[in-house]
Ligand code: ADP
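Presented below, as structure tokens, is a lone chain in the form predicted alone.
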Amino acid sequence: MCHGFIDSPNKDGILISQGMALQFDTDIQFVKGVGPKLGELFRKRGILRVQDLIEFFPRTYEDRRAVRHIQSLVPDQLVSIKAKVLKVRSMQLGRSKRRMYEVVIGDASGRISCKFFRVPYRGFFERFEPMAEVRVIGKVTFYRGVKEFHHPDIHPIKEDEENENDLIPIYTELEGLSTTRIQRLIQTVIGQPIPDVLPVWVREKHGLIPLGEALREIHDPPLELADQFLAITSKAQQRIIFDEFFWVELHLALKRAGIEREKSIPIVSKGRLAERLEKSLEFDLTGAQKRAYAEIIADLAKPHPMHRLVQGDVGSGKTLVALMAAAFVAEGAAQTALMVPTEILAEQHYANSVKRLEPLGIGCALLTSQTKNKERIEILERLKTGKLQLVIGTHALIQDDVEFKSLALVIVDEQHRFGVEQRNKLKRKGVSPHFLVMTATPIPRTLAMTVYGDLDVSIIDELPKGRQPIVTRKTFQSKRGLVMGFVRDQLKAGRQAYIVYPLIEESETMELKNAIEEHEKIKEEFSEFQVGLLHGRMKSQEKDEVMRRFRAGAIQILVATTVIEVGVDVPNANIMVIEHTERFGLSQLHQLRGRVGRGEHKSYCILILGYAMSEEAAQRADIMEKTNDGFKIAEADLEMRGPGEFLGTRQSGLPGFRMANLVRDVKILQQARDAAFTLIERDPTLSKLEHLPLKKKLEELLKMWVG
């Protein structure tokens, strides 16, 4: 993370490069050797200024110290080799329009294929002529018994390539702009002193080298530190990683300090209604549920608003904890709003609320886009006068005409499905209301510290007694007949099944089964049973009707897409069949599996892999077979996909890290978090003179993250 240049010849933060005056915010095209045409190419990749060029870090390093031959390559090893092009070809993948491109290379010891499932840019493959010498940098993959490269860095070796015995930074290729040329451009702008706004005590405490030194070494690593740079343990890399985490944590610490300065509505409640609710249950609360409820009640007693995340696996009983909190608030003559992502889920929560809360005298209502106008007007009036204590709904809750008399608690289910502004709009309907987030997507601790770092976290890590683990098995299309035979046996025993597909209808670009077509086939195959269809393009009323019939047992097989990922409990459904499992992420698979195992019957999840399966898809299926623990699955998912994909950076407000890795760098994350929160304890608004440059930098970053 860089800032303006200082100590430059004219004392105005100007960098002199080859006779050209440059500043950190100077347009990229004015760097010597760039110009308008190349500048436009850089801008397309988000490199707009000199600062962006300096922060365009190498994605890896090429170690040319050890000569490697194709015969000696080992799977999962990141290598650099020189070889000759033997063949370049492309082929169609099945019946789809997608193509796979292949560059076969060889040396004296053997040959290996470099496969590409997308074209990096136009003209990429035209560069490789037969017998031309190329350099390939990539991870060796072992796929279907054969060693090969998937999407490696590959480029023709040119005469200007030097440093045969060296450590070379490898940058993401920009339409033919070689690593060598990118490195030379960066060297023209990185020679001047770079200021460091990180407080001295933070640098000293954590042994951080100066920012300028770190940046220069990252782009031109000393050969004697080659092993450290390859292992991402060098002081230069650790400094940048610390900074990336620090700015996120500083933002969260400021948010937290702001929350603690707010004044919330005092809730005067003895918790008797919540106690009556607990006594009315047909089962005992788990220890984790009791702990989460106690943490919430302790927050509600504080003078500033609660900001708490309750996370727990599918079926762990988060909703019941939320209803107990709503009962506590209702006893204090205040109101609760519960916002959920789908109408089906809203209806389920409403049915539970009516069953659990109305016998206690707590008024409940359901507000969605399907609510009839007359009923809606009545609900809005009861909310405005305070006669309604709990309202459950979808986005309909944030409409301008929805007003509360005393909204004291906002509960958001599956927060990552809502935008930041949607959540804030609901919160603004009260006076600093308490804020409770629920998620059935277990979030690894490292991600919770960055995405939800301004929230306290309650974890419900116990399932209710008697809940049987779901038996999960992977198989292949060739065994589909056996799978359907097993499904038939379960249906004959009175059970119900889900069969899930990745697509709604046939695709020209993907050779995958789809829900609409397969629904007709399954109706024929299982003609003695009722087969329903559910997908995202159906109208809400149609979806609700299908789901009601399935829940009531009138439908035995529900053919669906991931619209059921977060949905209604059907205790009698004990089989989940997922076709083309390779098309689903780990988190999705776990959520889908969670639709079964909700009743007394032994439940099964069968993963059917397609023929065009990747090594990673097989790995995901293996993980699902081995564990039902959502937290372990979340850790594996984060490691495989990275934080941006895991939750969606736009929804979470999380910046994309250039160098930091939430799995690998957890110790540095904790250090950066401690430093940021300690700094805000000392200066809650960053208003001290020595912290003003740091505050300015954070404001600049926030604009980038939001933009």
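Bear in mind that the values here come from a model prediction, so they are computed numbers and not experimental data. Sequential numbering from 1, following the sequence displayed.
Just so it is clear, the following notes concern the form predicted together with this ligand, a form of the same protein that is not shown.
*Asks:* If the cut-off is 4.5 angstroms on heavy atoms, which of these, 210, 193, 571, 469, is the one near this ligand in the predicted complex?
*Replies:* Exactly one residue meets the criterion: 571.
*Asks:* Using a 4.5 Å heavy atom cut-off, which residue among 186, 314, 112, 236 comes into contact with this ligand in the predicted complex?
*Replies:* Going through each option in turn, the one that passes is 314.
*Asks:* Would you please decide whether residue 283 lies within 4.5 angstroms of this ligand in the predicted complex, comparing each non-hydrogen atom pair?
*Replies:* Yes, residue 283 sits close enough to this ligand in the predicted complex that at least one of its heavy atoms falls within 4.5 Å.
*Asks:* Is residue 412 close enough to touch this ligand in the predicted complex, meaning at least one heavy atom pair within 4.5 Å?
*Replies:* Judged by the heavy-atom cut-off of 4.5 Å, residue 412 is well away from this ligand in the predicted complex.
*Asks:* Is residue 434 near this ligand? Define near as a heavy atom within 4.5 Å, in the predicted complex.
*Replies:* Residue-level check for residue 434: no, no contact with this ligand.
*Asks:* Report whether the minimum heavy atom distance between residue 488 and this ligand in the predicted complex is within 4.5 Å.
*Replies:* Residue 488 lies outside the contact set for this ligand.
*Asks:* Please identify, from 255 to 263, 103 to 111, 367 to 375, 319 to 327, the stretch that has a heavy atom within 4.5 Å of this ligand in the predicted complex.
*Replies:* This holds for exactly one stretch, 319 to 327.
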